[in-house]
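Form predicted alone, single chain, as structure tokens, below.
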Amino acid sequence: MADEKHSLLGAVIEGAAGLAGSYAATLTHLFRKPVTEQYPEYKRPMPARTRGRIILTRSPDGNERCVACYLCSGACPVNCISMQSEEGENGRRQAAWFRINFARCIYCGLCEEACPTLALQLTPEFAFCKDDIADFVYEKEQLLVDHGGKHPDYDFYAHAGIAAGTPKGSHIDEDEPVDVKSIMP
């Protein structure tokens, strides 16, 4: 019987100590001066790896980096990316149209990781609102920017080894083509 009273008394003291700690934390914040940030005028600087609005970047030569390989749309868990491929006048593969529905996008960054050409990049811009939900569907013209984004000097076609204006074997880190008949026994 004495043990039951002792354990009951311990539980009551422990509960009262928890309540007193909670009230103490509330009272310390109650008398502090409030910090108000004027949001539209002052925007807090975001970390460099913040995942926000998606952009399509360009190569250093000014051409589009996107080759419409469909890897970003395949990696997207909510299927908000769609595109159609075509061959441009310079022989390079490119997106005829590219569309992202930002109303469905969860900003997970999987599309950016899947992109082999570094064309698709997420920016720290996260606050953009529209009156109509249909306005959240961005076309290629709205996504395309005039810079290289996080990797301004990267040129996919210089490393890919694709003959787009230059012969095979003349790209960066590419060996001369091997004559298959010369290595036969």
Partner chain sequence: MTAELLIGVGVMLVKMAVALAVALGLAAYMILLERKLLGRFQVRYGPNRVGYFGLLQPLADGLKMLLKEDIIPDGVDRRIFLVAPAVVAGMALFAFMLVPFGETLTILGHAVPQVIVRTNVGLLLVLALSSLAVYGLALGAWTSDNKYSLLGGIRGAAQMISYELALGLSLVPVVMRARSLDLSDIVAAQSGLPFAVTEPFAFLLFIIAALAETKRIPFDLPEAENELQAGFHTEYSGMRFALFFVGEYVNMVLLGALIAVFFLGGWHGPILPPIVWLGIKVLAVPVFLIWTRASLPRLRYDQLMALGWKVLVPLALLNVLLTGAILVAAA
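Basically, rigid core = biggest C-alpha set you can superpose within 1.5 Å across the two forms. Just so you know, these numbers come straight off a predicted model, no measurement behind them. Positions refer to the first chain, counted from 1.
From this point on, the text means the form predicted in complex with the partner chain, which you will not see here.
Check: Is there a non-hydrogen atom of P34 within 4.5 angstroms of a non-hydrogen atom of the partner chain in the model of the complex?
Finding: Heavy-atom contact with the partner chain at 4.5 Å: present for P34.
Check: Just to confirm, I13 within 4.5 Å of the partner chain in the model of the complex by heavy atoms?
Finding: Close contact is absent here: in the model of the complex, I13 is far from the partner chain, nothing within 4.5 Å, heavy atoms only.
Check: Any chance P40 has a heavy atom within 4.5 Å of the partner chain in the model of the complex?
Finding: Flag for P40 set to yes.
Notebook entry, point to check: Is L9 close enough to touch the partner chain in the model of the complex, meaning at least one heavy atom pair within 4.5 Å?
Noted result: No - in the model of the complex, heavy atoms of L9 and the partner chain never come within 4.5 Å of each other.
Item checked: Contact residue in the model of the complex, from I133, A48, A127, L30 (heavy atom within 4.5 Å of the partner chain) -> It is L30.
Check: Pick from 62-70, 114-122, 22-30, 146-154: which stretch has a heavy atom within 4.5 Å of the partner chain in the model of the complex?
Finding: Result of the contact check: 22-30.
Checklist line | Rigid core superposed: E37 CA moves 2 Å or more between the shown form and the other one | finding: Indeed, E37 is displaced by 2 Å or more.
Checklist line | Large Cα move at A127 between the shown form and the other one, threshold 2 Å, rigid core | finding: Comparing forms between the shown form and the other one, the A127 CA shifts below 2 Å.
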